[in-house]
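A lone chain, given as structure tokens: the form predicted alone.
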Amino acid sequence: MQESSSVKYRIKFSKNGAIKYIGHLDVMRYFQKVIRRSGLPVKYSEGYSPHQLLSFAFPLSVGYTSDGEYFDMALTDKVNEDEIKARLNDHMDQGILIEKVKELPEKAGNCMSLVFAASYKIRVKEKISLGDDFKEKTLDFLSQETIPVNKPKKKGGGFVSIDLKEYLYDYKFIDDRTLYICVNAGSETNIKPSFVMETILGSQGMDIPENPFMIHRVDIYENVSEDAIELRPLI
């Protein structure tokens, strides 16, 4: 049986405020309800247990805020991008806002498969005492040709040795306590922003208390070059 046609859209949204404590699965359920309430002609899968055809790019850790979250959505009919944005935002709770909507080519890959890197702002909380030379020492550390580290494995426990510099694409200080970084976010080599900052503080002999950072995701990127690293936001 031939599958019915659909139109694909990519949605960019922000997540700020108290809703940062809502986990990824709850965010997915939240959007399913919002889409139903919006009246948009969302496409459902076929079979015994139909579900909305949504694909989320890269789960955001609980406690992080973000201005650059993404999901793809299939509709049964073409709808103006501005209308999709307005209809979804009409049903949003405080803290989540649709920022952009883009219609996708028919054969576009889903946003999850495109994720290559992500950028973050990491603020060291005031409960950690930073020396006057913190910025200078941090920049010296990150400017090394290689930064060998032991990164925790995703599964099974233990560690894997990597060169952090290979997966660190950009960095700069925003203020005395806030560092901007862009790091690899691939499924195999995902670098957590907290790990980067813990590595920096550890290199300076600092003790790291519980919940030491405020972390904000700036955006998520695909790599549009086959021969080099050329990053572009998913919209």
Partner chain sequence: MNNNLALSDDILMTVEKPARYIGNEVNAVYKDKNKVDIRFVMCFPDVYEIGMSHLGIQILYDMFNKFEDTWCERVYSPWTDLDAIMRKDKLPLFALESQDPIKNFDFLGITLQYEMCYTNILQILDLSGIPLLSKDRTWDDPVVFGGGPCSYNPEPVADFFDIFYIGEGETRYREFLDMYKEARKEGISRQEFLIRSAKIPGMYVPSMFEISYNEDGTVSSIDTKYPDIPPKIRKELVTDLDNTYYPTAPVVPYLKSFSDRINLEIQRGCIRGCRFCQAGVLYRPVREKSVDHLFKTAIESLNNTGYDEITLSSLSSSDYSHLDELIEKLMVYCGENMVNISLPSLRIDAFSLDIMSKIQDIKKSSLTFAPEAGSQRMRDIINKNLTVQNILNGCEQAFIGGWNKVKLYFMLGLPFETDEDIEAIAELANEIAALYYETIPKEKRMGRVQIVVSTSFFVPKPFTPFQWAPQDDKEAFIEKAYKTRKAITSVLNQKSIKYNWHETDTSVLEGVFARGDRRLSKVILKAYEKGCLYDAWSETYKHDLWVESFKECGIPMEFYTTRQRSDDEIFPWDMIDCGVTKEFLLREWKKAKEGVPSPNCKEKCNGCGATSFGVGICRNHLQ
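Numbering follows the first chain given and starts at 1. Quick caveat, the model's predicted, so the values are computed rather than measured.
There is another form of this protein, the form predicted in complex with its partner chain, and it is not shown here; the text below is about that form.
- Screening 161, 129, 146, 94 for any heavy atom within 4.5 Å of its partner chain in the predicted bound form leaves a single hit, 94.
- This chain is displayed without its partner chain, yet in the predicted bound form the stretch 42-50 from 42-50, 200-208, 179-187, 164-172 comes within 4.5 Å of it by heavy atoms.
- Contact check for residue 19: a heavy atom falls within 4.5 Å of its partner chain in the predicted bound form.
- Of the heavy atoms in residue 214, some are within 4.5 Å of its partner chain in the predicted bound form.
- Although the partner is absent here, residue 195 sits far enough away that none of its heavy atoms falls within 4.5 Å of its partner chain in the predicted bound form.
- Heavy atoms of residue 59 never reach within 4.5 Å of its partner chain in the predicted bound form, leaving it off the interface.
- Each of 26, 30 and 125 is positioned with at least one heavy atom within 4.5 Å of its partner chain in the predicted bound form.
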